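In structure tokens, the next block holds one chain alone, the form predicted on its own.
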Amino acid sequence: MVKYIIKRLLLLIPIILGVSAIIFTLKTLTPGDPARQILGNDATEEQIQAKRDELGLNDPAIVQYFRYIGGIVHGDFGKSYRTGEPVISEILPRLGTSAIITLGAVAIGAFVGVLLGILSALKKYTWVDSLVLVISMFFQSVPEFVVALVLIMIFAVNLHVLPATGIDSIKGYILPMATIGLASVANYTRITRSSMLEVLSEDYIRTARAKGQTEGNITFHHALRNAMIPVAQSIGTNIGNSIGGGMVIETVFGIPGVGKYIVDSITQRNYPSVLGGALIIAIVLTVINLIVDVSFVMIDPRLKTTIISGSSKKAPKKAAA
């Protein structure tokens, strides 16, 4: 297990190199001059060239790239063109806000999706099953920003129970969480329904019914426990999707998270902030997926054999020698 964790952590190296290379390439191909963006249109050509020299923009792209990678090795993600502050110091305070929204969205999506999936499995091939399918697919098909605007219209404009923007109180987190979470309901519903139908057809479920146990006890005590394994395995993917959706939703709701920080930096051509934000999100996603994978072993110990065998394939050859 330790070898597996170390191997997954080492994968951070090619991930960082790949993400940084892609963004550096896009930065090179993107029109516009960050130096002029910073100094304004009234700046002279000499001032712009001096600013470019200060920022290192006159160096070849490959030199800029390896200089940046060398800084990351020492924990330096660059400095913001707009404020001159280290990017990492600007992102870390926002990271907690984005994490709260992401985890809350995943919890809402999983809770609603699992309930709908159980209901759909218990009422399979009925109008209830069809209604659950329509509801879940609706939230998956409608763009998240449209859902956000509808929720703002209902709960902020008409009912006046939740704020439309900002996070001045805990109420400010509710609409962003609900917006992102509802987008993942269809995935959780589909997985839960499929898994529940498979588990409910097992022999031990029929044995429990033959012993006279109630359907509620069979569903929640016997079937649901085993049906949750595929649902838990999809959480890592949905966390990544929620982080991606959070970039748009944070902008819609005016939330000072990492997503809005990156979007604002893109419009300002603040490339160190864009690159630093993207790299930190990539690192966070990799660590989260590792935690989720390791947690699978706690949920289903049978997976431990697969992980160990995958990280020690050379063992049989040594034994044969």
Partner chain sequence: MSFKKVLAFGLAAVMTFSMATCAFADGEVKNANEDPANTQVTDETIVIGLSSEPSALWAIGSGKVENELVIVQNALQDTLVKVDRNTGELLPNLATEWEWVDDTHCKFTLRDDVTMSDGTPLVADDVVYTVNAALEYSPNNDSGAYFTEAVADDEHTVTIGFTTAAPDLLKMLSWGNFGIVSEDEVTAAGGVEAAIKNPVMGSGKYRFKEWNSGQSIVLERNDNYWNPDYKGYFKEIKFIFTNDAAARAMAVLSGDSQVAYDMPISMASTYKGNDQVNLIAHTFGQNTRLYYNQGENAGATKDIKVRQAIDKALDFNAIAGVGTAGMGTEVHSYFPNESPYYHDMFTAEERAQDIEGAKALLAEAGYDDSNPLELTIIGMQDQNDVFTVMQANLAQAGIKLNINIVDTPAFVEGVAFKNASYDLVHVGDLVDARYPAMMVFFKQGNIDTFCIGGPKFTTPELEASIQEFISEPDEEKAKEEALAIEQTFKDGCWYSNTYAEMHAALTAKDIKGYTTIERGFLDCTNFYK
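Residue numbers count along the first chain shown, from 1. Owing to the predicted nature of the structure, the values given are computational and were not obtained by experimental measurement.
There is also a form predicted together with its partner chain; it is not shown, and the following applies to it.
Enquirer: Would residue 94 count as touching its partner chain in the model of the complex under a 4.5 Å heavy atom rule?
Expert: Looking in the model of the complex, residue contacts with its partner chain include residue 94, since a heavy atom lies within 4.5 Å.
Enquirer: Just checking whether residue 285 would be counted as a contact of its partner chain in the model of the complex - the rule being heavy atoms within 4.5 angstroms.
Expert: Although its partner chain is absent here, residue 285 would stay clear of it in the model of the complex, with no heavy atoms inside 4.5 Å.
Enquirer: May I ask you to state whether residue 208 is within 4.5 Å of its partner chain in the model of the complex, using heavy atom distances?
Expert: Flag for residue 208 set to no.
Enquirer: Can you check whether residue 51 is within 4.5 Å of its partner chain in the model of the complex, heavy atom basis?
Expert: Contact check for residue 51: no, nothing within 4.5 Å of its partner chain in the model of the complex.
Enquirer: Looking at its partner chain in the model of the complex, is some heavy atom of each of 25, 67 and 108 within 4.5 Å of it?
Expert: Result no, not one residue of the spot touches its partner chain.
Enquirer: Name the single residue among 150, 229, 115, 103 that comes within 4.5 Å of its partner chain in the model of the complex, judging by heavy atoms.
Expert: By the 4.5 Å criterion, the partner-contacting residue is 150.
Enquirer: Hey, of 235-243, 198-206, 160-168, 185-193, which bit sits against its partner chain in the model of the complex at 4.5 Å between non-hydrogen atoms?
Expert: Looking at the partner contacts, the answer comes out as 160-168.
Enquirer: For 117-142: residues with a non-hydrogen atom within 4.5 angstroms of its partner chain in the model of the complex?
Expert: In sequence order, 127, 131 come within 4.5 Å of the partner.
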